[in-house]
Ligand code: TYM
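In structure tokens, one chain follows: the form predicted on its own.
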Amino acid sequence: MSQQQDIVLSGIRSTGSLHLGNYFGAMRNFVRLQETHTCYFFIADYHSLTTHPAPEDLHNNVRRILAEYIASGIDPEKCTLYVQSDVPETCDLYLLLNMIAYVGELERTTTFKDKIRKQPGNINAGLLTYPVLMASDILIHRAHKVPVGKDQEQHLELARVYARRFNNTYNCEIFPEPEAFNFGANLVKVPGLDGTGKMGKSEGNGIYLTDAPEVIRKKVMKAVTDTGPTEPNQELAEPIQNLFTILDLVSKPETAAFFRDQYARCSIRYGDLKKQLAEDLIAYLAPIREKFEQIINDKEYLGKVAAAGREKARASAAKTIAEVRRAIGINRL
């Protein structure tokens, strides 16, 4: 199968704004992929229900993520951009895949174990069968490639298991076994501003794509640093390396080189580094923020985008679910 025919699918939960890590880790690559692949990008509002968001919050988050997708360069004319709950066929497949998913294998997933430890008062069935719904998202469009982070690799492997198990159980070849999409050199992990780990929604350590300039300045100036190098060419501590990683992404090469040289000479002033980084972040994100502000309150436009995405996504999903039902023996009368 040629690269142009490969189907790529990815979704993001509607639980908060997109941040710099989302952009460099995924969105920037999605913009490239939509030029060369058949792409389905969706907003996973059903997945967010495991934490019981307020209805108004859920609605506003979906609209915001949709606008941020577009502002980041996702073109609804070049891909299928849709809201998960607009495609009921996904739920049909979710139900049917649950019949061949086993409780033991779901209970062993790392993410389920993590969730029940973090929220012992809300161990709902949706958490347990989260990988089945994720598999349904992927298999409903018979995707070949799925960009996933390390924390989702186990879920993707289950999607492969369910595709294979369904095909074997019903003696058919409906589902391809999806593979992880490897961006290679284009895969960037953006660190947080708290000195450790990656930038994340739940960690509160990120720069959001639509942050106002004054917010970005405040966040960057609070970023964790150390007391400074004590000898020439000293190895960078993790918090400082994190700042340089972000600097390399958004600043001119000569800017990053200047501050690295200052560090090597033990003459760096972290305050100057942070001020420069903040201004470069503001400049880099300005086009995204401006586009977002243009469309976030244009309900008619966003509604049209969602409706067009729903139509395209349902056309694909309907073909899959019809074949699945025939294979199982449903509605053969």
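Owing to the predicted nature of the structure, the values given are computational and were not obtained by experimental measurement. We number the residues from 1 along the sequence you see.
There is also a form predicted in complex with tryptophanyl-5'AMP; it is not shown, and the following applies to it.
Asker: tryptophanyl-5'AMP isn't shown here, but in the predicted bound form which of Lys252, Lys189, Lys118, Arg108 has a heavy atom within 4.5 Å of it?
Answerer: Exactly one residue meets the criterion: Lys189.
Asker: Quick one: of Arg13, Lys319, Arg310, Arg325, which gets a non-hydrogen atom within 4.5 angstroms of tryptophanyl-5'AMP in the predicted bound form?
Answerer: Selected residue: Arg13.
Asker: I need the one stretch from 164-172, 140-148, 259-267, 230-238 whose residues put non-hydrogen atoms within 4.5 angstroms of tryptophanyl-5'AMP in the predicted bound form.
Answerer: Of the stretches listed, the one contacting the partner is 140-148.
Asker: Taking tryptophanyl-5'AMP as it sits in the predicted bound form, is Ala44 near enough to touch it, meaning that at least one heavy atom pair lies within 4.5 angstroms?
Answerer: Yes, Ala44 is a contact residue.
Asker: Indicate whether Gln154 is a 4.5 Å heavy atom neighbour of tryptophanyl-5'AMP in the predicted bound form.
Answerer: Although tryptophanyl-5'AMP is absent here, Gln154 would stay clear of it in the predicted bound form, with no heavy atoms inside 4.5 Å.
Asker: How about Tyr94: is it within 4.5 Å of tryptophanyl-5'AMP in the predicted bound form, going by heavy atoms?
Answerer: Heavy-atom contact with tryptophanyl-5'AMP at 4.5 Å: absent for Tyr94.
Asker: State yes or no: in the predicted bound form, is some non-hydrogen atom of Met134 no more than 4.5 angstroms from a non-hydrogen atom of tryptophanyl-5'AMP?
Answerer: Met134: contacts tryptophanyl-5'AMP in the predicted bound form.
Asker: Does any residue in 7-29 get within 4.5 Å of tryptophanyl-5'AMP in the predicted bound form, counting heavy atoms only, and if so which ones?
Answerer: Leu9, Ser10, Gly11, Ile12, Arg13, His19, Gly21, Asn22, Gly25, Ala26 sit within 4.5 Å of the partner.
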